[in-house]
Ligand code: HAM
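Have a look below at one chain only, the form predicted on its own, in structure tokens format.
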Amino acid sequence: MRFQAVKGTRDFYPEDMAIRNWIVKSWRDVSLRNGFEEYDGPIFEYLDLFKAKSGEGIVSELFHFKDRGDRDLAIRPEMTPTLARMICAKAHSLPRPIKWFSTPRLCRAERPQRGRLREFFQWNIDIVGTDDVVSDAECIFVILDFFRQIGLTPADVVLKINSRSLLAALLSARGFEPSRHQEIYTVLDKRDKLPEDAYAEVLGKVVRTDREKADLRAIVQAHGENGLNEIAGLVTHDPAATAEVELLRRLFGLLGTMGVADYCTFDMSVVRGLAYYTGVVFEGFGKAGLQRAICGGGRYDQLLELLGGPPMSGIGFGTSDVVILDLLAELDRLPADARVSKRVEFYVIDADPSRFETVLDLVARLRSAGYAAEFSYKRQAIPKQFKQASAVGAKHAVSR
């Protein structure tokens, strides 16, 4: 019987591992220079933790099992529940704001497709313990700082920003009862994910009148500075909605001060379907063929409380190695250096086969001094050894 990797997973041969290490190192470098601390947690959690955060429907999206103690467990599909659980456990002793990042391996029981696999690595950034708009700006800046580091420009990607609290205020101002908001968010979040006829069908299930349908279609079409001004014009008599518009304007001003505004645009169609988002939400999209979300996040105000912790606001985002590498491959932007699986500083040439022990001695000394050193197992002509040194990318070839 011949075996192969399970569908939706990947084998990492040395060149693939080099690319994976490159992207994870990029995530870590960006995180650290922006003042974030790294954390991690177990690869499986109690199933109830994920159900508490996302509801019973999440179970079908998880790899879950019973352990020998008949406990229901699940392999982690995301890090936010683990983050919330860990912060809840030490909430009163952790300094605020809490700025953490992680780069875990995650698994989801879903159908593999372009940009989505069943097993992947994800970069998570979270700022917890403050609801200041400056933290919104910093969180967004971090993902854009990463884009710049890997060579993605505003011509390649766009970050679309909206506010769930603005949308909630706008819906209320237009007569949509708060009890209906979540189902409307879920439908609006599908606008760019479904064909037009399929979207029209699901939209028809949540609206009650033609006026409601027209309102929702008009709302999600608002984008850019003009779109934000149009929304502001619709809510001039609603203090709550007006305050949310001004908060967004403040956010865009801060992003301009931080030098990344050219990546960003207001877009009312960005909703993020997950129920726990409460404020600013955002998604990054490729502008070329891969016109799907490549990152996403937002503010959550009740998540920690939902999981038994104190009231504490947070904002965060996630992105996966799969979708980022797909985009870089499409743009042919993956640097050649990222594919290098072996980095050799010294290749020791065996100039005299009768004194091979001196080669091993020098290699051992170089390695003990912290240098990457290689040599040939075979006794062969010097030109062939030079050729081998070149093949492994050695910086220097030496002999003794």
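Whichever C-alpha set is largest while still superposing within 1.5 Å between the two forms counts as the rigid core. Don't overthink the numbering: it's just position in the shown sequence, from 1. Remember, predicted model here, so these are calculated numbers, not experimental data.
Just so it is clear, the following notes concern the form predicted together with the ligand, a form of the same protein that is not shown.
In terms of non-hydrogen atoms within 4.5 angstroms, which of the given stretches 78-86, 160-168, 199-207, 173-181 touches the ligand in the predicted complex?
Among the listed stretches, the partner-contacting one is 78-86.
Check each of Gly279, Gly296, Gly286, Gly129 and return the one that places a heavy atom within 4.5 angstroms of the ligand in the predicted complex.
None of the others qualify; the residue that does is Gly296.
Within 4.5 Å of the ligand in the predicted complex, heavy atoms considered, which of His223, Arg191, Arg272, Lys99?
Of the listed residues, the single hit is Arg272.
Test of understanding: in the predicted complex, would Tyr263 fall inside 4.5 Å of the ligand by heavy atoms?
Tyr263: no contact with the ligand in the predicted complex.
Taking any heavy atom pair closer than or equal to 4.5 Å as contact, tell me whether Val323 reaches the ligand in the predicted complex.
Looking in the predicted complex, residue contacts with the ligand include Val323, since a heavy atom lies within 4.5 Å.
So in the predicted complex, is the ligand close enough to Tyr300 to count as touching (4.5 Å, heavy atoms)?
Although the ligand is absent here, Tyr300 would touch it in the predicted complex, with heavy atoms inside 4.5 Å.
Answer for Ala241 alone: is it within 4.5 Å of the ligand in the predicted complex, judged on heavy atom distances?
The answer is no: Ala241 has no heavy atom within 4.5 Å of the ligand.
Only counting heavy atoms and a 4.5 Å limit, does any residue of 93-119 reach the ligand in the predicted complex, and if so which ones?
Residues within 4.5 Å: Arg108, Glu110, Gly115, Arg116, Leu117.
Taking 2 Å as the cut-off, check whether the CA of Lys193 shifts that much or more between the shown form and the other one after a rigid core fit.
Comparing the forms between the shown form and the other one, which are aligned on their rigid core, Lys193 does shift its C-alpha by 2 Å or more.
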